[in-house]
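Form predicted alone, single chain, as C-alpha cells, below.
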C-alpha cells in the first residue's frame, strides 16, 4: 500500500475540516486506492510550522508542536510531502503569496491542490504549464462553488466541447444579503446576520463590492475558456448601493435583483461582467435564495449545462470536500507514479 504525504499551507476552518474528513474517509482511501493519506506538515501564519515526516495526528495537535521560526516556504522547501495544499487567505489584487507557494511546490515536482482563487485568477496558464512539464497534478476544484464539480464536470463529462460562455451567481454572501433585504431586513443587519452565521468576514467589502465574484469569474474563464484575464479586467459593480427602494421597485415589476456574473469572448477578447441585475421572478437566478449559487456553462456541442450548489450544514464541508475530491483525482491520475 502506498502512502501519500500532504503538506497543508494554511490551517484555518477549511484545513481543519479537511483533516477531519480525511480521517473519516481513511477506509475508503485504503479500499479504493490502496493508499494511506498522511498529513506530514502544517503551516500557519501565526504559529509557524509543524513538520512530522512520520505523520501528524491532527486530533492531538498542540501549540508546542509548532516552530514559529519556520514559514510556508520552509515547509515547501524542506518538508517531506507529495502533495501541497494551498489554503492561505486570498489576495485578490495580486494572487500572492499563494502563487509563489504553488509555483515553488510545482517546480520541486510536487502535486498541488489549491482552494485559493488567487493563483488561478492571476497565473493559471503559467502554473498549468509548469505542472504539465513537471508531470504532476495541479487541482483547484474548491476555488469556485466549493466542492461542487464544475472543473471536473467540464474535464470529464463535456470532453470535446468548446465553452463559449460561463455565467451565474458565484457569490453566495451577496445572494444571502439581497434575499434578506427582500424580507425587509436592512443591508447592515443582513451583513451582521451573515457574520453571526459565520460566512461573512469582518471586512465584507470583498463580497459586497463584487471582488470575490470577479475572482471566481476570472478563474472560470481562465480554466474553462483558456483565456488570460485578471480580476482587475472584470467590469465590476457590487451591491453596496442597492437600497430598499430598489428592492421594492423590482418586486413591483415581478422581478428580483441578483448579482450576476457573465464571461465570454468578444472579437477575440475575453470580457467579464459582474453586476446587480434585474431578473424575472420565475427564472433560475431568481429562485436562488439564501446561500445558494449556480454556474451555467454554454458549449458548442451540448448547449447549456447548469450546476447548482444548495446550502448544506456545515457549509465548510463543501470546500473541504473539494480538496478531498482533488486528492482522489491525484491518486487516480498518478496511480502509476510511486509516491512512497
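Predicted model only: the values in this text are computed from it and were never measured. Numbering follows the first chain given and starts at 1.
The next section is about a form of this same protein that is not shown, the form predicted in complex with another copy of the chain.
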{"query": "The unique member of 149, 270, 97, 194 whose heavy atoms fall within 4.5 Å of another copy of the chain in the predicted bound form", "finding": "149"}
{"query": "290, 287, 278, 45 - the one with a heavy atom within 4.5 Å of another copy of the chain in the predicted bound form", "finding": "287"}
{"query": "Site check 170, 179 and 233: each within 4.5 Å of another copy of the chain in the predicted bound form by heavy atom", "finding": "no"}
{"query": "4.5 angstroms heavy atom contact with another copy of the chain in the predicted bound form for residue 228", "finding": "no"}
{"query": "Residue 130 within 4.5 Å of another copy of the chain in the predicted bound form, heavy atoms", "finding": "no"}
{"query": "Residue 282 within 4.5 Å of another copy of the chain in the predicted bound form, heavy atoms", "finding": "yes"}
{"query": "Another copy of the chain contact at residue 318 in the predicted bound form, heavy atom, 4.5 Å", "finding": "yes"}
{"query": "Contact stretch among 270-278, 36-44, 297-305, 49-57 - heavy atom within 4.5 Å of another copy of the chain in the predicted bound form", "finding": "297-305"}
{"query": "Within 4.5 Å of another copy of the chain in the predicted bound form: residues from 145-163 (heavy atom criterion)", "finding": "147, 148, 149, 152, 153, 156, 157, 158, 159, 160, 161"}
